[in-house]
Every structure is written in structure tokens, then in C-alpha cells.
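In C-alpha cells, one chain follows: the form predicted on its own.
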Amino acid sequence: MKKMEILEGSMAVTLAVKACKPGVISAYPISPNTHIVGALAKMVADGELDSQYVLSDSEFSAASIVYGASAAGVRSYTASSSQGLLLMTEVIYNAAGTRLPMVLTGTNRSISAPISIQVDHQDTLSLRDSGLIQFYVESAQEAYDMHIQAFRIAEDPDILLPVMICMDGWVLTHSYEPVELINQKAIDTFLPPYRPRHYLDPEHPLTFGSYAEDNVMMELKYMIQAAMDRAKGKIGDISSDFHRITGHAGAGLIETYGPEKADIILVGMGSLVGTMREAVDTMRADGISVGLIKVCCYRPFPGEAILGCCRNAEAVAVLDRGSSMGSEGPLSLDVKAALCNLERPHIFSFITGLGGREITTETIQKITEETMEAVKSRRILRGSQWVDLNRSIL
């Protein structure tokens, strides 16, 4: 029997993590993830969750604690945001390098300076090269479902990499939505207890994160890349298994919306996609041939899937909520790399929504109009275009 509840996005994540039964949870609260880790702490204190909860003295310490727990063969979880995620950077690189399947939630928030507590993707995008698998979710339901799948993906013997679920701060973490919950028996069937192959044990000593000379460093880094490549296929397999057991939609690399052969294709990720979908409906009703690609899995990057959707398009407009300063949006750069061998479509980078700036359907329509005009006049938009709500281009 299906159980539907109206839940704050943070509580949807909390219930998903609880159902996955992590043995160790550690966190140093930073908004907007405080409701997640606070609720988990209460569940442990009240005896509802059999887990060791460690309140750390910094985000670096929190990541280090779950790193150690994962190395000891224990399912582990943490969460952070903004400057806190950046403070975890060293540990996240180490977790990927030592192939530890810890799971974390990145509640997206701007990075200082200037200081802001509002949403954009700069924090999680800054970790894209670490070896961390990244998923971006559009809704509280997706956040719930993806956290359950994240542990299975991370712990798969062919992957063994940390996984981060990225959800927009405030927009998703503090909004209430209907969420369909999965019964514990189905979750236990999908996600059995973790059985690590390699872990720290005094009876069978191993070395994690040892010094590497130049004769092995490239091989060890290549192993992470190879695991990322394998993950593309394994994510699909795990997604199918999740759907079969729970009846819920599984994780995908991308989702498409609109006509298969649209002239203009918009690309985005996170909660922004809901607004983009509504704008696509409005523009299609006006006779504009426009479609949408939602990037669900940002690392490993689904370049082949995007290539297959864009071969017949005139132009692709990529919307980033973060920027690689001095270049373009990180998502845009990845899309361009995926499509670089095609004569068309033209690919345009748009930066929007930084620091929580509102993105409306009108914003999306302005971006589409600018893209159409550039194609029509054969004008190349150099670099990235920074989009404001009140003006089409900053």
C-alpha cells in the first residue's frame, strides 16, 4: 500500500537516510542542511535509529569521521553546504582515491564572498573533479528516492566511490511537497546490509591512502576514472532494480522533455528544471520548437546521452547556476565537450540564478529568444551570458 505524506524536503531526506540504516552519521550543522542532520540526531537519541551519531567540531572533522567509518567497513553518511563542503574537499578527494563508498547530501548554497545563504550550485560544482559521483534532484520526491539509490550505487563492488546528492537549499530543503514513501521491507530488499570487500581489520591489516610513486600514480587515478565509466551503466541497472522492487522511478543519467527533434534544446539541472519545463510548454503552445534535457547525473557526465539527443538541433542553451570564473558555466563546458565533433548545434552558455536570484518562465523565454536570434543572425555569443530577471543579458 502506498503511503503519501506532505513533507519538508529535509525530512524526506532524513527518512530516506534512516531507512538505509547507516552505522555512522557525523555532521557539523550549516544551513540549509540543519533540519536533515538535526532530525537524524534526534532519531538516534530517541532510539528510532540504531546508529552512532558523532557531532563534530567542523565540516572537515565530520567528513573525516565518516571517512574513517567507511574505511572500517561501516555504511556512513554526512551532509554539508557551501563553505562547509569546501572545507570537506580534502577528505572527499581522499575518499574517492581510497574508494570509500560514503554518501553525503550537498544542500546547495552560494559561496562567499560576499556572504550569502541563498541557493546556487557553485559549492557542489566546485567538487566536480574530485572523483565524487554527483546527482542533482528536482523535487523532494527525487531527493528521497535518490538517497536510497545512492548507497546502493556507492557500495556496488564495480564502483566503490563516494556519492553526493545535490539538492537546492531552501527551495527544496525547506519547502513542503507530497512525497510517496517506500515501505521498509522493499528498501531492505533493494539495499541489503553493506558487506565490504576491503576494510580496516587488525586481524587482516591493509593500507589505505599510502604514498604513491610516479610509477603507480597514473594507474591509481585511472582506476577512479574507470569506476566512473562503469558507473554509467551500473546506475541504469540499479535504477531498473529500484523501479522493479519499489515501483518508484529510478535514477537516470538524463531526462528529456519536449519533441525529440526540437530546434532549440535547453539544458539544466536541479529545481530550476521545473520552471524550464513550464516555460517549454508555454513556448511550444506559441509554435516554438523547443525541448529540454534535465541532467540528473552530473558526474560521471552523460556526454553520450546528451549527444544522442542534440544531433538534429539548431542550438543548445545551457543554464548554469554556477560559473567557472574566467571561462563559462561548468555544465556548459561539459556539454560543449560532448558535442564538439558536430558541426551543429551551436551551444550557448547562460549563467543565471546566482545567490538565489529568481528565475521565472520569462527568464527562460528570454534565454530562448536570445539563442534563436543568435542562430538567425549567425551571431556567436562569446563566452557566457549572465542573465538577469529584468534584462535579457547583464
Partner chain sequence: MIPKTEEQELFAPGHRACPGCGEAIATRWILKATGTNVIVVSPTGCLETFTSPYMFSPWRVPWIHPLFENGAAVASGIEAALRYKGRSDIRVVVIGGDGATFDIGMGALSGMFERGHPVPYICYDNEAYMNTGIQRCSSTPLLASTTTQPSGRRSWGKDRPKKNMPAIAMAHDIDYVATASVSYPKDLYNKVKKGLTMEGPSYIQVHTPCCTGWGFPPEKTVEIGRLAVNTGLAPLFEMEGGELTSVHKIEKKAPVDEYLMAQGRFKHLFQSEEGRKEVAKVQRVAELNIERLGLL
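All of these numbers come straight from a predicted model, not from anything done at the bench. Positions refer to the first chain, counted from 1.
Unshown form predicted in complex with its partner chain; subsequent notes refer to it.
This chain is displayed alone, yet in the predicted bound form one of 228, 160, 181, 74 has a heavy atom within 4.5 Å of its partner chain; that residue is 74. For the options 361, 56, 368, 31, the residue carrying a heavy atom within 4.5 angstroms of its partner chain in the predicted bound form is 56. At least one heavy atom of residue 205 is located within 4.5 Å of its partner chain in the predicted bound form.
Using a 4.5 angstroms limit between non-hydrogen atoms, residue 216 touches its partner chain in the predicted bound form.
In the predicted bound form, its partner chain sits beyond 4.5 Å of every heavy atom of residue 301. Put simply, residue 52 is close to its partner chain in the predicted bound form: some heavy atom of it is within 4.5 Å. Only one of 330 to 338, 57 to 65, 34 to 42, 350 to 358 places residue heavy atoms within 4.5 angstroms of its partner chain in the predicted bound form, namely 57 to 65. Taken together, the three residues 135, 156 and 295 all stay farther than 4.5 Å from its partner chain in the predicted bound form, as judged by their closest heavy atom.
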